[in-house]
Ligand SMILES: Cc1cc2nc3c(=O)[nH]c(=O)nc-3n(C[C@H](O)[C@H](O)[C@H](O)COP(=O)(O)O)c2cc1C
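Next comes just one chain, in structure tokens: the form predicted on its own.
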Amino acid sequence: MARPQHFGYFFARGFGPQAWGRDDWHWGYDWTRPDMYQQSVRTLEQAGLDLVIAEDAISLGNPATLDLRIASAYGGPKHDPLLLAPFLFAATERIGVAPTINAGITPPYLGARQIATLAHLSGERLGINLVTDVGSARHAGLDPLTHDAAYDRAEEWLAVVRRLWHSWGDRGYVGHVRGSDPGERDWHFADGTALDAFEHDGEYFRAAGPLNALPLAADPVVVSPGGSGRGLAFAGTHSDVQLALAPLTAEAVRAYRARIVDAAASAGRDAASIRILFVLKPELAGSAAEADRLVEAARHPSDADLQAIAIGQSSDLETDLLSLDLDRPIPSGYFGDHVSQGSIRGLLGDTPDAPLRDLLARKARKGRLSDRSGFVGTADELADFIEELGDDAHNDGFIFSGDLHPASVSRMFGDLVPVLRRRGILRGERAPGGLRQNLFDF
């Protein structure tokens, strides 16, 4: 029997126009309504996934890239995923939901109270995808920070939020009703002397406790993205789930895991308290022959193909690539401090001096799962790959990525779930409890 793994789904467009630019759009769903998301998340729960993570970026980007980001709905518009979460919980029973929270613009007290409220309402199925996005600072009247300083701010934010979650301690909530005679009953709800009425005056935040929300049995699960050294250190020190981006080879996965495990050890944490889940976006085909055709068709991308990829990359990187010469390298220092180092590496790879045309063509090309040159293949080939990394790299699992659209979800999991279940890689049932229980029950 293969090693069981954990699985989640990242809807990378966030609470935005799912399937825009693809034929799935013609199903006619209204992306501003909850129905499409509810139908999709029910399918993911039935499939046995542990959690759904909702991307978010509150900003449309800097003025120079506005049109690039919205013309093809890459960077917006999108609504607040925290407000979508209750609709997803109402449609499901066990799966966890982790909307994105921006540690830069969300005051710690407000964030702690909203998160605690949704954690209670969901039966502790709520997690948070904590991001350090610095591009949105100007919308909140804040000064921009460097990449590493944004992580410093996120660490302070999380420390304050966790202190607020625990500000009732073990004795604050009493909840006693004594006496059988209604007229003589002693109603004692809480003990104010047991609460932590702290004052925090830090480098980035000022806040005071205690929190005006009941304590939780366990802290909500914290998910964090980020592939930089600072991001990996943050994950090892603070996160329950690392949303990992890395080349998906056994060697690379082992090396990536080792860095997070080392960071956890330096922080006095047990590595078993973190789940490292690698982002995976496969393209499944009904047969090996069909997969071969898809790969062959992508070997020689047209200029139009390259332009489409450049638009997407410009949106993700909040940097205009369309104005650059395709046949020259990207100028040194072209990306600002606010741009994710992981996203930059995702484009440049190991050849930062290559012409932009080559970088975009590399993004356009596809490879076969069967020979590990890419992620196009059949469900059985994908299951082979997943099983291999579980056995050879002791991988915790994967986060699949795509739109949260019924057609996308069904296409990705329709053939895959039975194969993974037969091999014992994908759970059939969840343990009772919330998101933390399901992530750490094996």
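Quick caveat, the model's predicted, so the values are computed rather than measured. Numbering starts at 1 and follows the sequence shown.
A second form of this protein, the form predicted in complex with the named molecule, is not displayed here; the remarks below concern that form.
Here the chain stands by itself, but in the model of the complex one stretch of 206-214, 127-135, 257-265, 298-306, 127-135, has heavy atoms within 4.5 Å of the named molecule. Contact annotation: of the candidates 117, 351, 228, 72, the single residue with a non-hydrogen atom within 4.5 angstroms of the named molecule in the model of the complex is 228. Checked against the named molecule in the model of the complex, the residues 370, 100, 314, 167 give one hit for a heavy atom within 4.5 Å, which is 100. Of the heavy atoms in residue 415, none are within 4.5 Å of the named molecule in the model of the complex. Contact annotation for residue 360: none of its heavy atoms lies within 4.5 Å of the named molecule in the model of the complex. Heavy atoms of residue 335 never reach within 4.5 Å of the named molecule in the model of the complex, leaving it off the interface. The closest heavy atom approach of residue 279 to the named molecule in the model of the complex falls within 4.5 Å.
Residues of 139-169 lying near the named molecule in the model of the complex, listed in sequence order, are 147, 151, the criterion being any heavy atom within 4.5 Å.
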